Structures are given as structure tokens and as C-alpha cells.
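Next comes just one chain, in C-alpha cells: the form predicted alone.
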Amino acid sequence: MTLVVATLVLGVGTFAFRFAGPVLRARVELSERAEKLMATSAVVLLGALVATQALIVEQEFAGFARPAGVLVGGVLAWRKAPFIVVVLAAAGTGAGLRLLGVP
């Protein structure tokens, strides 16, 4: 029962955050500098998340296969390849390197 209540509260909270964005966007005026800083912050945050997830597993270096797969996926995404190609190429690169014995 507790899990159901927690899930419902989390769902309502998530919806409230998602709903608040467009509603507040029309009412709050931000400076151009603030908007540029927020856009840059989002990119930096996403980059840090990708780096930590690709390079570290249980506080140790993840090996070379995973970062290589992420690098391949990142390059393909940057070159605007279709999403399925990006995912399959990244997974295939990591799996292929591990199959060859690269950690």
C-alpha cells in the first residue's frame, strides 16, 4: 500500500513540475543572459551525467568498452544519425569490444 501511495505522489509531483514549466514560462520574464545560462547549464549537466555514467562503475573505472560505445553513439548523434542507429551502433561497439576481451 505504501508503494502505491508513494508512486501516486511521485506521479502527481512529476506532472506538477511538467505542468508548471509552460504555465510559468508565460508569466515570468527572464533576461537573455539568464536564458543563455540555463541552456548552457543544461548542456553541462547532461555532459557530466554522460561522463559519470560512461566512465565510472561502483567508484572504479568502467573500462574502455563502455566509453568507446558512448563515444560512437555521441558522434553518430552529433552527425544526426537516426536514433535507432545511434543506439545499435553504441551497443554494438561496446558489446563487440567486450567480445574481443576489452574490459
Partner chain sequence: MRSIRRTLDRELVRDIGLVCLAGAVVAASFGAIAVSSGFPLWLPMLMSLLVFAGAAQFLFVGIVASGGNPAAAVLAGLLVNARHIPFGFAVGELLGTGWARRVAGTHLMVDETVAFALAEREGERRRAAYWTCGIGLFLCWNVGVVVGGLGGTAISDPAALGLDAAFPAVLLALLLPSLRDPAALRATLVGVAIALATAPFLPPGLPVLLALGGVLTAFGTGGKRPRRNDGVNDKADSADRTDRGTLC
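Residue numbers count along the first chain shown, from 1. In this text, the rigid core denotes the largest set of C-alpha atoms whose superposition between the two forms falls within 1.5 Å. The structure presented is a predicted model; accordingly, all values stated were derived computationally and were not measured.
Beyond the structure shown, there is the form predicted together with its partner chain, which is absent from this document and is the topic of what follows.
S.K.: Within a 4.5 Å heavy atom cut-off, is L8 in contact with its partner chain in the model of the complex?
M.R.: Yes, L8 sits close enough to its partner chain in the model of the complex that at least one of its heavy atoms falls within 4.5 Å.
S.K.: Taking its partner chain as it sits in the model of the complex, is S31 in contact with it (heavy atom to heavy atom, 4.5 Å or less)?
M.R.: Answer no; every heavy atom of S31 is more than 4.5 Å from its partner chain in the model of the complex.
S.K.: Is there a heavy atom of V4 no more than 4.5 Å from a heavy atom of its partner chain in the model of the complex?
M.R.: Yes - in the model of the complex, heavy atoms of V4 and its partner chain come within 4.5 Å of each other.
S.K.: Look at R79 and decide if its Cα position differs by 2 Å or more between this form and the one not shown after superposing on the rigid core.
M.R.: No: R79 shifts by under 2 Å between this form and the one not shown.
S.K.: Core-aligned, is the CA shift for A26 between this form and the one not shown 2 angstroms or more?
M.R.: Yes; A26 is a residue whose C-alpha shifts (by 2 Å or more) between this form and the one not shown when the cores are overlaid.
S.K.: Answer yes if the CA of S41 moves 2 Å or more between this form and the one not shown after aligning the rigid core, and no otherwise.
M.R.: It does shift by 2 Å or more.
S.K.: Against the shown form, C-alpha atoms of P22 and W78 in the model of the complex: closer or farther, for a change of 3 Å or more?
M.R.: Relative to the shown form, the pair is farther apart.
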